[in-house]
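Have a look below at one chain only, the form predicted on its own, in structure tokens format.
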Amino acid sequence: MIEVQNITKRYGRTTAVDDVSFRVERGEILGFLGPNGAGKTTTMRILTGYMPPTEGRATVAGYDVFTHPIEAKQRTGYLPETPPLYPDMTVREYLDFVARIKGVPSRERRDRVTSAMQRTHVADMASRHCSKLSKGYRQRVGLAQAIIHNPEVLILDEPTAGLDPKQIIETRELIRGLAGDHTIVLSTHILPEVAQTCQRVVIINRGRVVAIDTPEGLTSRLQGAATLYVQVDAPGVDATETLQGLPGVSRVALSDQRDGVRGYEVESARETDIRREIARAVVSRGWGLLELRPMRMSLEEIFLQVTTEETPEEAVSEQRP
């Protein structure tokens, strides 16, 4: 549905985006992550036809965003970081105006405006001028204008910026609900946003893609070993030696302890499942096995690891041209 092929954007001697390629499949939600200045917004602007690339090409729903810009834009809804509201219009007037300029047929316009307001939870502000809206409501009205013409593709730049916790949950649910009918690229600095909303992640650093995978796939490939958390109730006993002696165990480290209960991190090769051996060893000694679960790298740890590489070529990458 979206295909980015070897996009490069230069400003004089400065390269903002450097040979970026990725695909987004129909109905997928793709998270686009990177530190400030990594090239996320530049890539979003190229995808929406706001600016041309120096090299490469991008297509949306099969249309090149620069050789067929009208066709591509008709199929794209865009929420920039700062929502493009007109302060002297009410919310309903503004959304009706957006529906008209986006070519929504007049017989459908009223229903589309009402539906967009209901889906983004701004119907109670229909008669309020945009200049009088809080930041959170402005963000939601911006999302309403992005979906009002029912586009195949949604490109959302920081869609929950400025929202309170309840609004953030509602917006995440809305975005997840749009998947399937819409293909979504979500650019954000908020890592839990990606973990809770997106099916795949693109991480960009210094203008280059350094990782593309599912959050689970990134964890598996970067961690290199399987790690289990084992909590043992055995007052006065250190189970480190016992756990270390089990077949397949490569490392054991004491993680925490309180009131006779100790927690251990137990590492093994990724393809080796040692849970039965651990459970058998603990229970056979009369100790209490309170917890046995896999430990995974957090998205924050993954993000830091792939964006602090000295050279992007050494970072984890699964390019999909």
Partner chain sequence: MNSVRNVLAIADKELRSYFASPIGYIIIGLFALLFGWFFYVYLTFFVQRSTGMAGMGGGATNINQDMIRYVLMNSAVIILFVMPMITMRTYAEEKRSGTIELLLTSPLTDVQIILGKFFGAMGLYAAMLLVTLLYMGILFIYGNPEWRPIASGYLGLLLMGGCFISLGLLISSLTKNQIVAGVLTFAVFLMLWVINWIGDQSGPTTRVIVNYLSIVDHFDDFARGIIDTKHLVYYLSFITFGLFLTAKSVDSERWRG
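Worth saying up front: this structure is predicted, and the values here are computed from it rather than measured. Positions refer to the first chain, counted from 1.
One more form of this protein should be noted, the form predicted in complex with the partner chain, which is absent from this view; the next part is about it.
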Subject >> Contact segment among 22 to 30, 282 to 290, 256 to 264, 42 to 50, judged by heavy atoms lying within 4.5 Å of the partner chain in the predicted bound form >> reply: 42 to 50
Original post:
Using heavy atoms and a 4.5 Å limit, would one call Asp88 a contact residue for the partner chain in the predicted bound form?
Top reply: yes
Subject >> Contact test in the predicted bound form: Phe66 vs the partner chain, heavy atoms, 4.5 Å >> reply: yes
Subject >> 4.5 Å heavy atom contact, Lys135 and the partner chain in the predicted bound form >> reply: no
Subject >> is_contact(Gln145, the partner chain) in the predicted bound form, heavy atom dist at most 4.5 Å >> reply: yes
**OP:** Tell me, out of Arg128, Arg176, His121, Lys102, which residue has a non-hydrogen atom within 4.5 angstroms of the partner chain in the predicted bound form.
**Re:** Lys102
Original post:
For the spot marked by Gln231, Thr240 and Met295, is every residue within 4.5 Å of the partner chain in the predicted bound form through some heavy atom?
Top reply: no
**OP:** Using the arrangement in the predicted bound form, list in sequence order the residues of 55 to 81 with any heavy atom within 4.5 angstroms of the partner chain.
**Re:** Phe66, Ile70, Lys73, Gln74, Tyr78, Pro80
